[in-house]
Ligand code: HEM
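Single chain ahead, written as structure tokens, the form predicted alone.
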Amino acid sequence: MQWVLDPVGYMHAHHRRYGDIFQTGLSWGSSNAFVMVSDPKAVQYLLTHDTGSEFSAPGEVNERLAPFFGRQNLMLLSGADHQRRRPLIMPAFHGDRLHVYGQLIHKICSTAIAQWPLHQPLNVRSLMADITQEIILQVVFGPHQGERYAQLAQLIRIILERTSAPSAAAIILFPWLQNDFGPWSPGHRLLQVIAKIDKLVFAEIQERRANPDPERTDILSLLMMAQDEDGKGLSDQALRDELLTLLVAGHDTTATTLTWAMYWIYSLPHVQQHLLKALETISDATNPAEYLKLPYLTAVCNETLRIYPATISTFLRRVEVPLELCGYLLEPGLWVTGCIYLIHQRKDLYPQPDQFKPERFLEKPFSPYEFMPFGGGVRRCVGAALAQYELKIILGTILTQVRLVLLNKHPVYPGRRAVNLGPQKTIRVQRIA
């Protein structure tokens, strides 16, 4: 119950009692219990030996997410299937595509900001979710809006609302609640929404297949053209599962991180002033590439990702042979995860870890196993580069276009948001210019 309602308290309490490695007694997927590790060197070993000989990263551990995202996506694929699929997905999030996305992010953010009213309380989470949802929809489907597009946006918003609160997150953490026990049950209502989304997504896929347009460069079009080394493309079901994962998971964690960033920027005047001075140095505020070059803005984004990372831990790995980790013998079949949150709270890496200090990222570099908000190894988040683009461009755009004040008078602490971390209280701002 503490893990469901107070995951931060749970992790700190167990770390204080047991140290850098402890067995949780919690269950996830097919595991009856799993081990949490927060020693960076041990996590490095875990994530660099996860291709099957010592550890494996089987997708079936996320079976409880199948009702939401299906079974033919990167999260639930394993072994050779995962290795074939990942190269098909990655190009959509790297290289020249990011430059195109940068222009799109800035345009969508500017349009949203223009509609924020003056002198009224504004829910930061809602503002950020509206922006990131519009971004992921246009990145996935392109800027061609219509009734189908509007319906999808509304249905995705419903799913996030029904699974984000600690109590609602139980439907993910306790899979039996996903069963359809009748109209009154949460499983019934959620499955109804998923069915409506499926109808819209499959209709879009079939329409694209019937009318191919090689000029389109959105993610759906890119995935429909992608082929593996055997010349095989993605089936309709695989496309649907990958798209739904992107649409739901691909913007919710970014919106959460942006909400935290806004809280820290507007609750700490020295951080805000430092950012504004940095933004004064750019030559063209309409060029999103300018924001990407600012070291202090990058440091603010990194510190936000460090102090309360949206993702608590890495993808679970299964022990395949007897081995030693942190001085303990691990038997085959045991599950292990790197605890991102606890690594980011280590005092030996981050002095005063509960304090928001962007300058720490300007003073020293951190290894990929000391700072790892997007996980690592073969299961590192494919959308990490896009998420980092969004953070910098959206924050830079907001700070250059409007003046805001924070309305919260008391500190805001992290709590559960579905399987992730988010603010326990609503964060509100007011636009004053």
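Owing to the predicted nature of the structure, the values given are computational and were not obtained by experimental measurement. Residue numbers here begin at 1 and follow the sequence given.
What comes next is about the form predicted in complex with the ligand, which is not displayed.
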property	result
Heavy atom of Arg86 within 4.5 Å of the ligand in the predicted complex	yes
Residue contact check: Gly396 to the ligand in the predicted complex, 4.5 Å heavy atom	no
Contact of His274 with the ligand in the predicted complex (heavy atom, 4.5 Å)	no
Touches the ligand in the predicted complex: Phe93 (any heavy atom, 4.5 Å)	yes
4.5 Å heavy atom contact with the ligand in the predicted complex for all of Ala261, Leu297 and Pro358	no
Single option in Leu65, Val61, Ala387, Val37 placed near the ligand in the predicted complex, where near means a heavy atom within 4.5 Å	Ala387
Listed residue that, although the ligand is not shown, lies within 4.5 Å of it in the predicted complex (heavy atoms), from Val201, Ile136, Ile343, Leu239	Ile136
Contact stretch among 205-213, 284-292, 110-118, 239-247 - heavy atom within 4.5 Å of the ligand in the predicted complex	239-247
Neighbours of the ligand in the predicted complex among 294-309 [non-hydrogen atom within 4.5 angstroms]	Leu305
